[in-house]
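Only one chain comes next, encoded as structure tokens, the form predicted alone.
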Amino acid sequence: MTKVALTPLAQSLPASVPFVGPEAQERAQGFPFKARLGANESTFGPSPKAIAAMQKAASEVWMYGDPESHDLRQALAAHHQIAPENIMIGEGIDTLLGVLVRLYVTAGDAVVTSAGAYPTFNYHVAGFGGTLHTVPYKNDHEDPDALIAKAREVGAKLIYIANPDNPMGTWHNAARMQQMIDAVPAGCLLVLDEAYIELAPEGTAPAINTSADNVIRMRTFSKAHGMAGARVGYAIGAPDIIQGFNKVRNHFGMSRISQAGALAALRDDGWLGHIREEVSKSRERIIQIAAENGLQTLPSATNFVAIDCGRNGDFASRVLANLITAGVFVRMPFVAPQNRCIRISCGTAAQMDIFAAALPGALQAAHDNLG
């Protein structure tokens, strides 16, 4: 019997994922991590009000979630002082990126990103047959000028940039990002990923212009709001761009529990302020731990800090592997020269103590393996 075959495009793709989850690593090594500091989750947790709302909604989980996420869209619109027609809710930024690429990219279409930037976007481009063009980072920052120049050169449909950046944590100010938006070539859409924007300094995000048809902005409840497991993200854009999502999205992808939790989290400004303070303290602690081990850190506007291990990617990967063995889950950039760093998510004081205790041994073992 002849079995049904994958499409030629699907057959050409590797069966891999952008990130190996900590759970898979725990299963492989046979013990749980002592400190989970690799996925940029908020170990400080979501708002207690969000938890209460999700617990209440659990009794209603027999019902599908509102396919329009009406209440959450209305609340986000009021929060940003824009119209609900400018917002699309989705199962995290990752899903929204996938739908966006599906809408605008077909076989051979050019897409531009930075070499070593958030890789999930690249998987979507490959999955729909697009051609990915990359430019290098500049001084550990994504380079808006180079991205725009490359987009003009290749006739790109989409340009992707994260501000603040993942995996380096660096950022550009609002004026610089607005310059980039203004320079987007005709027939191209800028995908501005602002997953960490609530943790960035004032003046990082350019003003929202809902009439601009050359930019779409991505936000999430996974980082500052501490709801990574609930999978709630949203896009902000011109009405015709947002309406496009309704053509192909999973209309029942959002659960009632996630919608209720996000709505409560959005209304709890006090908890968000608390998280900003905790993240700031944890960033300072990571900087201190690095300095105690003779290492430097990169400036960060996120809930993680990149530590420069002082050598190359091979050495940094050894340090990372040693930390994993010691029960500390961390990650690192995957493209040189950014891969000289390891990336440490902010965490509780107890988690920082575990990291501080493990780092000297991880560094020493990496040095010992050099010769």
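In case it trips you up, residue 1 is the first one in the sequence shown, and so on. Everything numeric in this text was worked out from a predicted model, so none of it was measured.
Heads up, the form predicted in complex with a further copy of the same chain isn't pictured, but that's what we're talking about next.
- Annotation: in the predicted complex, residues 31, 266 and 325 none come within 4.5 Å of a further copy of the same chain through any heavy atom.
- Residue heavy atoms within 4.5 Å of a further copy of the same chain in the predicted complex occur in exactly one stretch of 246 to 254, 132 to 140, 282 to 290, 168 to 176, and that stretch is 246 to 254.
- In the predicted complex, residue 228 approaches a further copy of the same chain with a heavy atom inside 4.5 Å.
- Although the partner is absent here, residue 187 is a contact residue: one of its heavy atoms lies within 4.5 angstroms of a further copy of the same chain in the predicted complex.
- Taking the partner from elsewhere, residue 65 is found to have a heavy atom lying within 4.5 Å of a further copy of the same chain in the predicted complex.
- In the predicted complex, at least one heavy atom of residue 23 sits within 4.5 Å of a further copy of the same chain.
- Annotation for 212 to 227: interface residues with a further copy of the same chain in the predicted complex are 213, 214, 222, 223, 226, 227 [heavy atom within 4.5 Å].
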